[in-house]
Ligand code: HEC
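First comes one chain, alone, set out as structure tokens in the form predicted alone.
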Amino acid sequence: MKKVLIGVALVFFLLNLTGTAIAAGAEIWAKKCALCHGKDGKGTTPMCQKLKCRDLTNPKVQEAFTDDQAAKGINEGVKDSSGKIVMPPFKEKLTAEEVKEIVKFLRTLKGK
């Protein structure tokens, strides 16, 4: 019985860590990403409409990139097919942990 209680406590602890990371990612998103991508990630802001951003809530859009690719885009920025910068790099503005938290939060937008 003691092992079961420890196991249940461990599961709740791990779930809480995940929820905390997502909450931290949401906070960073609101400060650094929402201006362009929108609070909801749909890309309906004037900036995203001008740059033809993808709707990050669309499951097909989310399936088109890995977490590592998302992190790379955040760190290094994104260019269009002509080489024009459409999203600036954030490597100097965010820590590696903050980028991971943003990617975790980004994945929660899928299907919203």
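All residue numbers are counted from 1 along the displayed sequence. No experiment lies behind these values; they were computed from the predicted model shown.
One more form of this protein should be noted, the form predicted together with the ligand, which is absent from this view; the next part is about it.
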item: Lys39, heavy atom within 4.5 angstroms of the ligand in the predicted bound form; value: no
item: Partner contact for Lys52 in the predicted bound form: the ligand, 4.5 angstroms, heavy atom; value: yes
item: Touches the ligand in the predicted bound form: Ser82 (any heavy atom, 4.5 Å); value: no
item: Touches the ligand in the predicted bound form: Ala26 (any heavy atom, 4.5 Å); value: no
item: Members of 82-97 lying within 4.5 angstroms of the ligand, judged by heavy atom, in the predicted bound form; value: Val86, Met87, Pro88, Phe90, Leu94
